[in-house]
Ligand SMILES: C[S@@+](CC[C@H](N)C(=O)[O-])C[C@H]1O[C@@H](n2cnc3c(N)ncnc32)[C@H](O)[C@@H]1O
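Shown here is one chain on its own, the form predicted on its own, set out as structure tokens.
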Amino acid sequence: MDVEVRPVGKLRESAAAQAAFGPLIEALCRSPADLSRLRVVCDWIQYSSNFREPVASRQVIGGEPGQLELAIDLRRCADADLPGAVAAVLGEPAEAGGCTWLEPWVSGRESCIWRFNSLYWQALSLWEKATGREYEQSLPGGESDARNTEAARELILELFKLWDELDARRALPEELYVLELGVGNGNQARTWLDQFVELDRRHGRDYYRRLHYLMGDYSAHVLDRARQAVAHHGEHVSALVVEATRPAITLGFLTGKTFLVYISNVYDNLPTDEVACIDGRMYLVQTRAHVAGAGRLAGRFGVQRQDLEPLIQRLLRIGPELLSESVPEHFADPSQAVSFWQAAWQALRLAERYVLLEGLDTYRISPSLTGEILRPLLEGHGDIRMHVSNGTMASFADTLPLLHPFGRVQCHDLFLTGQADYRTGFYGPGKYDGSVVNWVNGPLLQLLASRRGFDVRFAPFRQRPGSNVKTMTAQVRD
């Protein structure tokens, strides 16, 4: 039996978590499981709202027969009947039991959790009305770390320096394009543009007259709110609905023209698979969404338990407003349908299993990229599990061609900057209000950028060094 404890710092602070190891080992020894084929992985899951139970099992399919992984959340084990939960999980296959399944086994990026995620952004105004707060208030600290005047001024002055140098060589285009992806409530754009106007007046080069600031976002509601925030900048600003994983479909006209692509809190919200290396073999992590406490959820809203799954599927297809119109006997108005949506999201869980990959080159990260790029991060490093960041990889690859030869991508997000980081903690999926969050595989982004002639560098967010947010910069390699 192998026992792995991911050494997150908070584990040292929790006497309850430390005290769980004795009862855990006793429960394992009393179980009928073949301990020689059992892996035990102990995480501290920092997201209080997430998709995992405190104790869960994961089958390993395609490796040694009967191999099983037992997953323990040390943060919550003190509040659970740990011996009873271990006995129940090891005595019952993960796909059995009394839960209500919402899908078959699929890769992580194909799970219906991303349909919930899309619904959140599509019907954000209804969710915010029900909660009484804007979505940014659900972030740690109640706001995005990237909204910072000092950071905006620093970035603008760097642009001015570049433009001055190009202008001196008669190489500066007449139109100066800046693109923001993931505009939030528009505060970042307003701060950036207001600072741009002030600094341009001092600079005396009249760059503002030539500036085109484009805001791209998946959510029309978010764009409308952001557009209002920057209305005083008039025709200098355009707002476009953009598919985050394929920005060039909408923004292809910017190819080779964009001096700055600014991205904040987008990549951690894009679909991703996970892969793992176990005993030298490569596996894809498959997931299966289900509803915990399905009977309670059905009873709360006066529906039969067998009707719960089709009702949730209908919600994901048509949204809460049309759901209330289609089944008024259950939801008299959209607000009740939103309550159902929120309760279903809270109850949503993911079962997991490992399925053997025949070869990394047979696995596709995106239409243009195979899993072969993962090899240096997986081979020769022992047992490890990591995000593939499929949506981010596709988005990033689609964004790089938009850059002017002297342009850059600057992104503030939750980045892991070393492959070894995956050995020290849990990095998603977690839940932010009604959306999904996963930390982004930074070393994988660096490999992708290097293949395309770009350098990617990571740095702490300078204006708030203690934040989990890091700054990624991508530019053409010198």
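Quick note: we count residues from 1 along the sequence shown, nothing fancier. What you see is a predicted model, and the numbers here were worked out from it, not measured in a lab.
Below, we turn to the form predicted together with the ligand, even though it does not appear here.
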property	result
Heavy atom within 4.5 Å of the ligand in the model of the complex - the one residue of Val222, Leu402, Leu374, Leu74 that qualifies	Val222
Residue (of Asn269, Asn390, Thr258, Thr287) lying close to the ligand in the model of the complex, criterion heavy atoms within 4.5 Å	Asn269
Contact test in the model of the complex: Trp101 vs the ligand, heavy atoms, 4.5 Å	no
The ligand contact in the model of the complex: Tyr207, any heavy atom under 4.5 Å	no
4.5 Å heavy atom contact, Ala244 and the ligand in the model of the complex	yes
In the model of the complex, Gln188 touching the ligand (heavy atom, 4.5 Å)	yes
One stretch from 348 to 356, 312 to 320, 153 to 161, 174 to 182 that, in the model of the complex, holds residues within 4.5 Å of the ligand by heavy atom	174 to 182
Non-hydrogen atom within 4.5 angstroms of the ligand in the model of the complex for each of Asp273, Phe426 and Trp439	no
Within 4.5 Å of the ligand in the model of the complex: residues from 205 to 221 (heavy atom criterion)	Asp217, Tyr218, Ser219
